[in-house]
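Given as structure tokens, the chain that follows is alone and in the form predicted on its own.
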């Protein structure tokens, strides 16, 4: 009976291969621990204002309407934040704002209401009562409901300012100079039509009815064309301008990448050692690839802007020049790794040099060519 003897070195090698992932994990954890302390992350997190971040994120899904009373000038305005012309006329305020000569009331939804009259603000809070703020000459005075000693969560009072945001849907701010209430609404206001458009605020059914009726709003064009023009030329969201810009971006990416691929492919033969035995010419072609891809695309854009001005041609040329260097390096390296047996098989048939490249080299390069072409196309888009 034979006995198998295991070389201790083989055993040690197997053990080392078994433990190296754990060692790598420990190294990564040690590095992350060091980085946490080096960047002083504890102090960064303790001083962070997450509620400010949440407020900024809310702007991506909601907009707010300001109701502002300027106590110094006596002005009153209802306006959509961020819109240059979206201020409601004095006689066409939203239905949740009720105003007469001496006072106004704002319905802030969910049971919250604000009433202002003669520099006295009554802020109604559900299940709490009415908070009264009086704007004096030098400071604010606050009166809480009977039996209440503290403000609800989300509210702050100082003699110079009252700030309340108990829920996401609204915010109230009072100072000696102005009274301002914000009501938040989900969605993107004025996305479809500008504030002054005759189609502003219409539902989908109302738009369809308006588009199909015979009576024209504008005598020179149909209602359907008028609706599309109001949407396409929306001055705030600029749908038409953005659509053209996106189309130009796609055009520049496609045209620039195709141009680079077709320029780099023949030059790659001159840079490949097994296709170009001349070391001097091979050296200069490779250095040319290094040069054009070593300069950032933005720099090439600035150069071409001086020559051709702003426009799609400048972007196309910048992409084409930069990607020519990248494609040339990738294609030449792929050519140096092609299987010689396939080329020799084509040569054995008596094929010419062009046929040798066509049937012996290109079938091997096409997977690399297409994969890199699509990859760079995705990057440029």
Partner chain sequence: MYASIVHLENQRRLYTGLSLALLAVILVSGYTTADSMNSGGFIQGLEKFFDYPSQIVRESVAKGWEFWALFPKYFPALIETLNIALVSTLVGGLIAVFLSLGATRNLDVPERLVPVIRRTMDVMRAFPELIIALFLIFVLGASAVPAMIAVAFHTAGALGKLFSEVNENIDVKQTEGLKAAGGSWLQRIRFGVLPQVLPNYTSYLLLRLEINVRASAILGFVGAGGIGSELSRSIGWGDGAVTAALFLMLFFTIVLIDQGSAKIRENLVKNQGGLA
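None of the values given here were measured: they were computed from a predicted structure. Residue numbers count along the first chain shown, from 1.
One more form of this protein, predicted in complex with the partner chain, exists but is not displayed; see below.
Think of it this way: in the model of the complex, the partner chain has a heavy atom of just one of 287, 239, 119, 178 within 4.5 Å, and the residue is 287. Checked against the partner chain in the model of the complex, the candidates 65, 335, 317, 346 yield a single residue with a heavy atom inside 4.5 Å, and that residue is 317. Although the partner is absent from this view, residue 60 stays clear of the partner chain in the model of the complex, with no non-hydrogen atom inside 4.5 angstroms. Though the partner is left out of this view, residue 354 does not reach within 4.5 Å of the partner chain in the model of the complex, counting heavy atoms only.
Within this chain, residue 259 lines the site of the partner chain in the model of the complex, having a heavy atom no more than 4.5 Å away.
Under a 4.5 angstroms non-hydrogen atom cutoff, the partner chain in the model of the complex has residue 311 among its neighbouring residues. Relative to the partner chain in the model of the complex, residues 73, 216 and 228 are all farther than 4.5 Å at every heavy atom. This chain is displayed without the partner chain, yet in the model of the complex the stretch 289-297 from 100-108, 289-297, 87-95, 124-132 comes within 4.5 Å of it by heavy atoms. Counting a residue when any of its non-hydrogen atoms is within 4.5 Å of the partner chain in the model of the complex, there are no hits in 109-134.
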